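Shown here is one chain on its own, the form predicted on its own, set out as structure tokens.
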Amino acid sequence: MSRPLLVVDDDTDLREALEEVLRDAGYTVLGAGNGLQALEVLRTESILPALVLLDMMMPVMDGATFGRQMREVDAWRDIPVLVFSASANARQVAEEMGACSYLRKPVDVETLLKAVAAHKAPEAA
């Protein structure tokens, strides 16, 4: 079984659209509406995601807080995080949290798929 991708965004319509695009591209996809839900996904899923696509501005728990808490757990520390944000300082935020890269919203499909392919963790041998 391939490792899933985890899409974290509080905008349900956008998250579901991203999930659909990624599924159509052949990925298994999990979704979460905020950082707290994303941490719960990491705690409960038997297979860790190959990549977390992370919005930064969310209610309950924002992307930066999620990123810090995720990096505190040894088993989750090396999961690549791809920040996607409408913020003008998305690059700076991504660098500060140790994300592998960032995308600015709105995200076009081709750019998204190229970034996912480039940054997702390889499957275990």
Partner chain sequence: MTPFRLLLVEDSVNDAALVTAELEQAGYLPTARRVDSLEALREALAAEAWDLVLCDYRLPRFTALDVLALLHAHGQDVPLIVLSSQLSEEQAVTLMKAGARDCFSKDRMARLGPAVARELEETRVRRERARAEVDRDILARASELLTASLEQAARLDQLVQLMVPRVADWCAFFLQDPDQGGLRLVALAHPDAERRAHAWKLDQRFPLDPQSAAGPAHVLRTGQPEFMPDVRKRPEPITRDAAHQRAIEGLGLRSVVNVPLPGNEGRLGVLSMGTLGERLLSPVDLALAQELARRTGLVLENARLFQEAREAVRLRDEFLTVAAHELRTPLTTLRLQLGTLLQRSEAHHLEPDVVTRLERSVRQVRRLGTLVEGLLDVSQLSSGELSLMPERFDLEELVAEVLERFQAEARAAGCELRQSPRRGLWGTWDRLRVDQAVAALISNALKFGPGRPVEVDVGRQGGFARIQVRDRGIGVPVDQVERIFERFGRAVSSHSYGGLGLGLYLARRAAEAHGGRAWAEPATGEGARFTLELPLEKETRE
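Positions refer to the first chain, counted from 1. All values derive from a computational prediction rather than experimental measurement.
Keep in mind the form predicted in complex with the partner chain is missing from the figure; the text below concerns it.
- Item | 4.5 Å heavy atom contact, residue 117 to the partner chain in the predicted complex | Taking the distances in the predicted complex, the answer for residue 117 is no, it never comes within 4.5 Å of the partner chain.
- Item | 4.5 angstroms heavy atom contact with the partner chain in the predicted complex for residue 86 | Residue-level check for residue 86: yes, a contact with the partner chain.
- Message: Quick check on residue 71: any heavy atom within 4.5 Å of the partner chain in the predicted complex?
- Response: No, residue 71 sits far enough from the partner chain in the predicted complex that none of its heavy atoms falls within 4.5 Å.
- Does the partner chain get within 4.5 angstroms of any non-hydrogen atom of residue 92 in the predicted complex? Yes, contact at 4.5 Å.
- With the partner absent here, would 76, 82 and 98 each sit within 4.5 Å of the partner chain in the predicted complex, counting heavy atoms only? So, no: the whole triplet misses the partner chain.
- Task: Scan 38-59 and write down, in order along the chain, each residue with a heavy atom lying within 4.5 Å of the partner chain in the predicted complex.
- Result: Going through 38-59 in order - heavy atoms within 4.5 Å of the partner chain in the predicted complex - the hits are 55, 57.
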